[in-house]
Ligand code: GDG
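For reference, the chain that follows is the form predicted on its own, supplied as structure tokens.
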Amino acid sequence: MPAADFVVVANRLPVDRVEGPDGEETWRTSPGGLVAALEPMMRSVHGAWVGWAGQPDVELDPFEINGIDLVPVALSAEEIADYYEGFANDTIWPLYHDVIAPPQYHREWWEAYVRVNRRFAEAAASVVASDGTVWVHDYQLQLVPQMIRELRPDVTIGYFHHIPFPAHGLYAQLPWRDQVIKGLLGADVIGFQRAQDATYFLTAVRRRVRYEVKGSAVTVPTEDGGTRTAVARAFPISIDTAPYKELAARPEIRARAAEIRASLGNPKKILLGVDRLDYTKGIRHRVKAYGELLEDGRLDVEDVTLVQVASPSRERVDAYVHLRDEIELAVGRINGDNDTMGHTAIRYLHQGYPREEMVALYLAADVMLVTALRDGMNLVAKEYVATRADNHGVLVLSEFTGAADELRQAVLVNPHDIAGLKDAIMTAIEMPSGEQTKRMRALRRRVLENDVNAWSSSFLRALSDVRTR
């Protein structure tokens, strides 16, 4: 495999292994904005993508798909349990999401995290061309930038953090806090979803490792006794809007949206929640608020239905098992108290759906409820807006999402305030058509102008600026 001028490093490869019609396994490009944004550029510059193939204990040689070299990193079942399910998702994830669930601190998880991060770094260092560029993604790989720098000081390194970064009072709980900061500072550009996240990171840099910080620039000491500059600032991510607009215009998708409404008894209003089943998403708060509106008589099950899609997530982590039980018990109680023969209060769907069905659901929904307790961005909010070509529909959006910084014309809400959340839902349901149009038009302009291609271009320009200093 020839050396690549541009290398992406992420926990997963941009392909999924699937079984073909003849029974043979083949590879299919994964859905997702990151892949869509980077694929054309990576083909044009002969790029490589380093990542795990998604199955334990599988050793694969590098291979090529659609003009991109894929470099698989092998992980054992034990490493998946300790590095991924353990440190990444039961230590870093809850800590970085404001300790909504308590993080677990285990030294063997940290040791696995270091070991796996080194494996990713070595794979990237082995395939990047002289003076090339490496772009590392997300919280599973926070040590990789510094490890690559030690192995390949000639390359330009970017890192993008897709989830929130916590305030210092929380971050300081991490036993390996200084190692993680130094790992991230191996990058030339460190990107965050929100300006607040970048500020929290820079505060941690000042307080933990005491490097000089001026504005968004950090002066980082080098092994030769000199210094280099790392930049940390916000680059809010977005979606590839084109497929959502195209699907929303298809007659068969619009017909499917009408079918969905009919299957729910053609209520006057359909509320929609679409989330991974995760304790950060505020599903419990949303269900509680909706149930109380029915109990209070402010809503009638004959008129309004909540559709809640909760796709399976991390089902081997105890916190997620308990969350599923709690939500399903609450849904069952609300439906038992309120359902009629023709109408269901909550249509709860614990499964994932293809993009076509999701767009049909977006079109069927009068109100989109995004009530995350903490979220780096929340792309569901932007997907809903992208499909609303008629400029109707209302977005209720948690102020604790990155999307709230951009989508100011949504009905913004504090999801911890159940009374306020109930009022926000009623505001959305009762919003006049003219006001819906005014708000949605502004939301669509923002989403369509700031799509995922604008995001990746902005980050890569910042990397280019570093390279040409």
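When you see a residue number, it is the position in the sequence shown, counting from 1. Predicted model only: the values in this text are computed from it and were never measured.
Just so it is clear, the following notes concern the form predicted in complex with ligand GDG, a form of the same protein that is not shown.
*Asks:* Which of L271, L185, A345, M377 has a heavy atom within 4.5 Å of ligand GDG in the predicted complex?
*Replies:* It is M377 that has a heavy atom within 4.5 Å of the partner.
*Asks:* Work out which of G352, G265, P221, P175 lies within 4.5 Å of ligand GDG in the predicted complex, going by heavy atoms.
*Replies:* The residue from G352, G265, P221, P175 that makes the contact is G352.
*Asks:* Looking at 322-330, 303-311, 70-78, 212-220, which stretch has residues with any non-hydrogen atom within 4.5 Å of ligand GDG in the predicted complex?
*Replies:* So the stretch in question is 303-311.
*Asks:* Any chance Y362 has a heavy atom within 4.5 Å of ligand GDG in the predicted complex?
*Replies:* Within the cut-off, so yes.
*Asks:* Flag H162 as yes or no: does it have a non-hydrogen atom within 4.5 angstroms of any non-hydrogen atom of ligand GDG in the predicted complex?
*Replies:* Answer yes; at least one heavy atom of H162 falls within 4.5 Å of ligand GDG in the predicted complex.
*Asks:* So in the predicted complex, is ligand GDG close enough to Y279 to count as touching (4.5 Å, heavy atoms)?
*Replies:* Contact check for Y279: no, nothing within 4.5 Å of ligand GDG in the predicted complex.
*Asks:* With the partner left out here, check for me: in the predicted complex, does some heavy atom of D366 sit within 4.5 Å of ligand GDG?
*Replies:* Close contact is absent here: in the predicted complex, D366 is far from ligand GDG, nothing within 4.5 Å, heavy atoms only.
*Asks:* So, N11, W109 and D318: all three within 4.5 Å of ligand GDG in the predicted complex by heavy atoms, or not?
*Replies:* Judged in the predicted complex, none of N11, W109 and D318 sits within 4.5 Å of ligand GDG.
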